[in-house]
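Quick heads-up: it's one chain on its own, the form predicted alone, in structure tokens.
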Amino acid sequence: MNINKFVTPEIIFGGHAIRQAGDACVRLGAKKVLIVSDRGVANAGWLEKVMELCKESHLPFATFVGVTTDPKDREVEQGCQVFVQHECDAIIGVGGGSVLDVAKAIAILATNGGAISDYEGIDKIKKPLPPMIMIMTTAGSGSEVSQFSIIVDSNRKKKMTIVSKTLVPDIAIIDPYTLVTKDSSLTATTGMDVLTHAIEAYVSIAATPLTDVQAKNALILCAQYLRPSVASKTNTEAKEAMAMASLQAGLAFSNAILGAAHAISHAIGGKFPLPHGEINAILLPYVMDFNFIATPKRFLDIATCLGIDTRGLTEREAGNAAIHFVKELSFDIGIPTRFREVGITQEMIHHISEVALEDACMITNPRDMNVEQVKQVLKNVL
């Protein structure tokens, strides 16, 4: 009998769940908290909301809003300086995956010191982190529940994957109402990130029955609700469903890890300012096709979860149908289908392939890959 491990924060999910932010910090014993966010979240009003909630809980705070898309190591260092200067002892992240990844990385440096590059890879963090409360405002990254932080090394122009169970936040707050401030493009790209998380977690060599149930439900929800969520900011049923899909896909990949699509996406994202979810969406059908022979039965399951009638289909036919579904979904919500549409050229393939093979997410891909096979997948996507 196998032993399965599954790590998760305390999860607070539902409409107006954000109202519990201040009290959640107090419950963790915080005396002064650093609130990490970005300008977009601040402009949408969510940063101010959390600041008000901290005041209501009589909790002093400092703020750091210097986070950018594909956050850099220097942003982590700047945020850590604010944490130390203001003598904070806990962290709230309010935003999407970039914000939450920086919040986690600040927590690493706050107690472990050094440079954030010291912690690239798996289980490099030695000392406990400050209490962390993560409030997700996009249905996408799953960072509010995961043991991942992705930070760009400015010198190497490479996305560093940091993996450690100590990065799992203490409390995750998911409030679907925060999603109504997202535009349709961001909803589309983050939604495809959710789908990629679910598929890669389900076919991962580290998948377990505990992760499978989360991944499969996320697939069902994405198939039904991503299109209507992109179509309307005010469709609260779709927003709640995609918030749940993001949460469940996050729980799945945090424990089962990911695969080649994310490894390649990280390699691309470190050098080119493209939305992470967009890169994943373009790559995903081609990585699915490459991985099919490693686990055909699982691709049949994926097709079923996506709503495809698989009765009478062979595993290969069901896998092809799932791949077609993903391509069609991307097209419907306005995502490019080829890398040439976003400026990636043949000349870039060799470097991307070499960097991708070094990524921690490649370890759990169901099919082994060498540099020539990564190159071929990339050529197929051009």
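Quick caveat: nothing in here was measured; it's all calculated off a predicted structure. In case it trips you up, residue 1 is the first one in the sequence shown, and so on.
Just so you know, the form predicted in complex with another copy of the chain exists too; it's not on screen, but the next bit is about it.
Q: What stretch, of 256-264, 204-212, 146-154, 302-310, brings heavy atoms to within 4.5 Å of another copy of the chain in the predicted bound form?
A: Among the candidates, contact is made by 204-212.
Q: My question is simply whether E240 lines the interface with another copy of the chain in the predicted bound form - judged by any non-hydrogen atom within 4.5 Å.
A: Yes.
Q: Indicate whether another copy of the chain has at least one heavy atom within 4.5 Å of a heavy atom of I11 in the predicted bound form.
A: So I11 counts as contacting another copy of the chain.
Q: I'd like to know if R27 sits close to another copy of the chain in the predicted bound form, meaning any non-hydrogen atom pair within 4.5 angstroms.
A: The answer is yes: R27 has a heavy atom within 4.5 Å of another copy of the chain.
Q: How about N217 - does it come within 4.5 Å of another copy of the chain in the predicted bound form, if we only consider non-hydrogen atoms?
A: Residue-level check for N217: yes, a contact with another copy of the chain.
Q: Note which of P275, G270, P285, P176 lies within 4.5 Å of another copy of the chain in the predicted bound form, where distance is taken over heavy atoms; exactly one does.
A: None of the others qualify; the residue that does is P176.
Q: Of 232-251, which residues get within 4.5 Å of another copy of the chain in the predicted bound form if you count heavy atoms?
A: In sequence order, E240, M244, L247, Q248, L251 come within 4.5 Å of the partner.
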